[in-house]
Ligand SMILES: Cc1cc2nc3c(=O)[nH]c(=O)nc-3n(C[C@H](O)[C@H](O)[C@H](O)COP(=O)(O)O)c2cc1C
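Before any questions on binding or motion, here is one chain by itself as structure tokens, the form predicted alone.
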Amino acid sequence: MQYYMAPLEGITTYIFRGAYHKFYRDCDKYFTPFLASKRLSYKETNEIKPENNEGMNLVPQILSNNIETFIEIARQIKDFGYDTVNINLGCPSGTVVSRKRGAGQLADTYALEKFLDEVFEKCPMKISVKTRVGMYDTCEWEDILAVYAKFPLEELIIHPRLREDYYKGKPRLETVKQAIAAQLPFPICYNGDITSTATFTDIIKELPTVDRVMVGRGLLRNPALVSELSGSDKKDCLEAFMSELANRYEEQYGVGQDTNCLFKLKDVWNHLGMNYPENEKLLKAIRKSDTLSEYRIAVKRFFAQRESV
């Protein structure tokens, strides 16, 4: 089984990936949050710099429905030494979908096929796709799959929800089974609601031929999850990981930029805290901290007094 780290906008940046890579079981692939600027910004460039991703098998992800923009982004990515890009056809954000990008591209399969045809003709790299299974109804999935089947994808990563589902409800596993039954000429990777060894086991029982999974929110709730899923030695390095993450954010933003650092760190704790419902008082102190000094004191107290659940 291969394990991938999902691209989560604003969270699984090179800062997070670097800290994770230092302490936990290495993922077989890491995917960047989407890149969308025709001329990569300073922030986007940092995401793909090789020196910021040492030792990782990184796949940059592109969000664009404009062929000229897509190819220009891919060219810049290739200049950094990468040979594969991932197309984001799954983002359900309203602002993204309204511009017919991300999951919004699934609404018109004719336009989708035309876009992919040009991408495969002009892009000098291997291409994978991360997709949802439709906009409004799973009956759309058959036509979307028929489009993907026409192209030599590196792999197809399926998040089995509709755009209108956002992240609610149960994954529509029947759509993944439909893709498997289609005997597509490329590997299928499963993504969605792998939050524990129990949920992973239940999903793989339903999809026994799947040999690769992408883990997102579950990895934020429990950074040791991939270690647990793969049977690696589990080490309690959460405190060291969170300390490293704070140090890296402080280094990135600079001394005196506590607000920016805390915004990022508290975003991680919003997910991490779900694994510690019995420790709400300690978590509240972390959320209420106004400076990095207060934050570090609250985090130290959390790890000294936390109760595992």
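Just so it is clear, the model here is predicted, and its values are computed rather than measured. The numbering used is simple: start at 1 and walk along the sequence shown.
Unshown form predicted together with the ligand; subsequent notes refer to it.
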item	value
Position in contact with the ligand when the complex is considered in the predicted complex, options F186, Y136, Y167, F151, heavy atoms within 4.5 Å	Y167
One residue of M214, A74, A179, I144 in contact with the ligand, assessed in the predicted complex (non-hydrogen atom, 4.5 angstroms)	M214
Answer range among 214-222, 93-101, 136-144, 107-115 for contact with the ligand, defined in the predicted complex as heavy atoms within 4.5 Å	214-222
Contact test in the predicted complex: Y249 vs the ligand, heavy atoms, 4.5 Å	no
E9 within 4.5 Å of the ligand in the predicted complex, heavy atoms	yes
P60: touches the ligand in the predicted complex, heavy atom cutoff 4.5 angstroms	no
is_contact(K130, the ligand) in the predicted complex, heavy atom dist at most 4.5 Å	yes
Residues of stretch 21-44 in contact with the ligand in the predicted complex (4.5 Å, non-hydrogen atom)	P33, F34
